[in-house]
Structures are given as C-alpha cells and as structure tokens.
Ligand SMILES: Nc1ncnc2c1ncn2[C@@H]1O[C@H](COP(=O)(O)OP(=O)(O)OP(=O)(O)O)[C@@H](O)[C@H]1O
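Okay, here we've got a single chain as structure tokens, the form predicted alone, with questions on binding and movement later.
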Amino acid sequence: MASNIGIDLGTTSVKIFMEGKGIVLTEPSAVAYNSDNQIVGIGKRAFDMLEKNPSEIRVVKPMVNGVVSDFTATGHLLRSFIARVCKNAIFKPNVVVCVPSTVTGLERRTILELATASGAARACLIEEPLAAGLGAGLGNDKPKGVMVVDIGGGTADIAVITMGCVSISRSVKSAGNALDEAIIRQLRRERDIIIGEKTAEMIKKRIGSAMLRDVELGMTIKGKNYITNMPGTFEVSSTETYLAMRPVLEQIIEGVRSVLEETTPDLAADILDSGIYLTGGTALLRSIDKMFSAKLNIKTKVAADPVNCVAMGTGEALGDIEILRHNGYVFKSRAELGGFEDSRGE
C-alpha cells in the first residue's frame, strides 16, 4: 500500500512526517549547484556551504516567505527528500504539503504540481496555521475559537480556528529571517560591523529577547569591520539586539491586531478565554509570549513543541482525512492537475 507523508515545506527547513513513524526527516531548505548546474549538495550539506562556498558553487534557498521562488531547486529538494524517506517503496506516496494561509491560487497549483512531479502519487495542501493548531493539540469539532500564530523563518501565519477549520487568517512576511536581517543591519549601521546570516541567528538565539532583559547579557562574535574591511572580534549586547528586533516584532503584533479586528465578537470572546498559541521556531525567542500578553492584553502560550507543530499537524490530518475535506482540501494526482514538465524536463 502507498505510504502517507506530510511535508512542512518551510522557508528555512523542510520536515517530513510519515504516518506510523512520526517525523523522519528534518533538513535545511537549501540546494547547492556547481558551474555546470549539477547538484553538489542538498539540505544540510548545501546549508553548510552557505557564505563559505567558492565562486563556482551556487547555494540556492528555493523558498522565500513560504512560497516557491526557484521552481527547479524546490523540485530537486522535494524529489531527494521524498526518495530518501520512501526508499524502495513500490507505490508512490500520498503527500500533504503545508503552505502559508494567504498563498494565491497559482502558488497552490505550483506546489501541488511540484509535489506530484517529485514522486507523489497524489498531493494535497493544508494551511500552516491549521496544521500548527492540530500539532499543538487544538483541533476539535466544537464551535469554539482559538488563535494560532505560527512564526517560522519567512512568514508569521495568523489564524482563528473553529470547528477544525480556519475562520480568518493573515500572513505577515516578517518572521525569524527578518529578525536576523534586522540584527545584521543594526550592527552595520550603528557599529560598522559586518556579520553573516548564521552569526545573526546565533546572536538571536543566545542573547535575543522580545522584551528588555532585567540583566543585560553580552557575547563575543566574529565579523568584519565595515571601514577597514578587516576581520575581528566584537562584543554585542542583548539590549542592542532587542532594539534591532523590536520593529519586526511590532509588525507581527500589528498583524495579529488586524486579525482580531476582523474576528466576529463571539469568536473574539472565545480567544480572550482560550488565549493565543504560538508555534514555529521563532516562538522559542525569549519572552515572546510575555510580549504578546503585554501588547494585546490576551494570555499567550508557547506550544509544547513549537518547532515541530506544523509537521505533527500534517500527521493529525493524515490520520483524519475529514479534517482536509471539511476545509475543502482534496488529494489530486498529476493527471487531475493536468501537470506540466517536471523539474528534470521529462
């Protein structure tokens, strides 16, 4: 029989859930090519080359803000990962792929065609905040509203879920990667320090906070002086990291406010009672739940396993296909999509 797998196709990483086995793969969203456009690395191998690759090797991040920016690289990524988890299976798998809540019809079709071209027998899409809610254990068929904010690498997907369906949703194109970029800009503008994406992410994880710390922390980093263009070591404080990230965090808060403003009064009352649930890798940022509570005056909780909520949610959907049907999602084969040439040009 064909296996059922769920794919969290994120901007920074790809996670694959296999029915009966759980999460079987977690790899960065990256593909490396040489000058002849031949693949020299996929996933972690490609990501390790980032910012250290020679000129003849090109490292591509195929997903930008949760949607496909490089069709060919995304096809190579999916084909490799699906083949890895399915191995020598006789039948092609049925695949559920997560997408941001506000992707266009064309983007949905593109991802479906990519999945079927990459080895899926049939493919279906599910919205990321709905999957995140299911993975956090918030799925139920009762008419009670709950708000989920899935803050990943490329997007913050905000949704109100009721009766196992998305009532209202919005996607903010500011999330974890935007926080890293804000740290890079701040250090270059205020301190004449040039750092890379990996160093910025390390700063965010080690001393970053969504609110000012009571006791300031510092850390030593390596980078380049913008004026002399020479390498060196520098001290970075938690306060300047917070100040750099604050505008991006405010954009996410404004996105949540806009969804709350459009929510019906009864659902808004439910949210006030049940609270806001944070999922996604950026939900691990220190004090982010306290910031939400302070800014919105609504109790906020971080899910038990925020990083894997979306991938686990695909497993919940695979275990109860009615969840997909209630939301208008159906599995489609390549023939039903009227597919086109795949990423190998076959």
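No experiment lies behind these values; they were computed from the predicted model shown. Start at 1 and count along the sequence shown; that's the residue number.
Quick note: we don't show the form predicted together with the named molecule, though the next part is all about it.
Asker: What I'd like checked is whether 13, 152 and 205 together line the named molecule in the predicted complex, meaning each has a non-hydrogen atom within 4.5 Å of it.
Answerer: Yes, the whole trio is in contact, each within 4.5 Å by some heavy atom.
Asker: Within 4.5 Å, heavy atoms only: does residue 201 come near the named molecule in the predicted complex?
Answerer: Flag for residue 201 set to yes.
Asker: Can any non-hydrogen atom of residue 57 be found within 4.5 angstroms of the named molecule in the predicted complex?
Answerer: Although the named molecule is absent here, residue 57 would stay clear of it in the predicted complex, with no heavy atoms inside 4.5 Å.
Asker: Heavy atom to heavy atom, is residue 176 within 4.5 Å of the named molecule in the predicted complex?
Answerer: Because a heavy atom of residue 176 falls inside 4.5 Å of the named molecule in the predicted complex, the answer is yes.
Asker: Would you please decide whether residue 62 lies within 4.5 angstroms of the named molecule in the predicted complex, comparing each non-hydrogen atom pair?
Answerer: Looking in the predicted complex, residue contacts with the named molecule do not include residue 62, since no heavy atom lies within 4.5 Å.
Asker: Based on heavy atom distances of 4.5 Å or less, which listed stretch (283-291, 312-320, 30-38, 43-51) is in contact with the named molecule in the predicted complex?
Answerer: The contacting stretch is 283-291.
Asker: Of the options 296, 68, 302, 307, which one has a non-hydrogen atom that comes within 4.5 Å of the named molecule in the predicted complex?
Answerer: Only one option qualifies, and that one is 307.
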